[in-house]
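Only one chain is given next, in structure tokens, and it is the form predicted alone.
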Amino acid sequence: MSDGSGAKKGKGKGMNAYEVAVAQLNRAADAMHLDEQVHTILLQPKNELIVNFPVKMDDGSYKLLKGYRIQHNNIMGPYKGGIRFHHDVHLDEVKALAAWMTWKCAVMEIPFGGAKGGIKFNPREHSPAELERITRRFTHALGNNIGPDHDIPAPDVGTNGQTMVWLMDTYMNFVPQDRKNAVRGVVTGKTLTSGGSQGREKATGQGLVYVVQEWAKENHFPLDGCTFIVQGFGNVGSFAARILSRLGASMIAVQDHTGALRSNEGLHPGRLAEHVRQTGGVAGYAGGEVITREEFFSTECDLFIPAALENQITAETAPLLKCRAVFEGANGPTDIEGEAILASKGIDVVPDILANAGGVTVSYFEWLQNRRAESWTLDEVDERLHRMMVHAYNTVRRVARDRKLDNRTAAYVHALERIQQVYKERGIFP
């Protein structure tokens, strides 16, 4: 059977994100003997929306921007997935991210399907006023292709709570006056004052740390005194680093789009996060020595947290890694060749669709709170998130042990078995 990807490789380059996603799906499908009809359905998203929309810049000129919303699958519930603002956003990337959201929601056993969206531009080159107009114009272009019972966006790379509030407010103006507050759940990841949830901002990093703790418990590995390195120091990387440091772990190297730093005495995650907030990157932080990207990947440590973009651990970088385990804070950071090299080196990999699922899980909590007109405490959110992350980790590890599979394939098998069961029960209409 054809892989159905429709994706093309650049000359001299490895797989793009969607080809990686398809290869991962095919590997799990073979391992569990996935029904061929279900396999065929899951190879492509249900809907691919591409919009081109004009936005007025601060100087009075107009720029035409391209936006995407890919709705991969909704057999388990409404489409769910982030919106990213990045200059490298393209169709195959967003298709891959949407598919990974489908598997992620199924792994966590929450009633959502998978979607993803993005706009191809560099948000750092635009003022807050321009970002607001871009967000509102994109929301208007999407129209009723999103909705609290249909497709629910959230923050991703280059977006945040303020972005989601602009999106929500724009959508609210589509609906009758008496329904405005009923549609707060059209997006998640909002600010607290505009209907967001306690714990949502740190949720992905917090969920990752809960998984790290379960892995450490399983492997009799003390986190107090261990070392870790982080690629990407945005929302996910910074919160994971701060929470791990409170458990006694030491961050000894960091790398992002502006450069890389290392300190054997440890980098202070809180102070570094403030520096990044003020300057836009880790470059210029005085707490560590400047190193190259290759030296960052070669840093000997216990844990590696890739929390940047996809396809970072490759045939080029995987041989450099000197760690015991990789916890994927980013979506798709490891390509097929890179993963094979990690396996040959005996490095544990806890995959993205498990390790970084805390974000969508607390988004689910936010959606529930909006629907019920409730407000949960931070302790309630953290307790529920902890319980669900522990359950998901133990389920995936049980599948891995029982079927002698790697963690990623085990996570896919768990997700696909749940999706396949629903297709068997519901059938295909008409």
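Bear in mind the structure is a predicted one, so any value in this text is a computation, not a measurement. Each residue number is its position in the shown sequence, starting from 1.
The form predicted in complex with ligand GLU is left out here; the points below concern that form.
K.L.:
Among 258 to 266, 225 to 233, 339 to 347, 153 to 161, which stretch has residues with heavy atoms no more than 4.5 Å from ligand GLU in the predicted complex?
P.N.:
Answer to the contact question: 153 to 161.
K.L.:
Using a 4.5 Å heavy atom cut-off, which residue among G196, G118, G359, P306 comes into contact with ligand GLU in the predicted complex?
P.N.:
Contact check passes for G359.
K.L.:
Taking 4.5 angstroms as the cut-off for heavy atoms, does G82 touch ligand GLU in the predicted complex?
P.N.:
Yes, G82 sits close enough to ligand GLU in the predicted complex that at least one of its heavy atoms falls within 4.5 Å.
K.L.:
Does ligand GLU get within 4.5 angstroms of any non-hydrogen atom of T102 in the predicted complex?
P.N.:
Residue-level check for T102: no, no contact with ligand GLU.
K.L.:
Is N331 close enough to touch ligand GLU in the predicted complex, meaning at least one heavy atom pair within 4.5 Å?
P.N.:
Yes - in the predicted complex, heavy atoms of N331 and ligand GLU come within 4.5 Å of each other.
K.L.:
Taking the shortest heavy atom distance, is K95 within 4.5 Å of ligand GLU in the predicted complex?
P.N.:
Outside the cut-off, so no.
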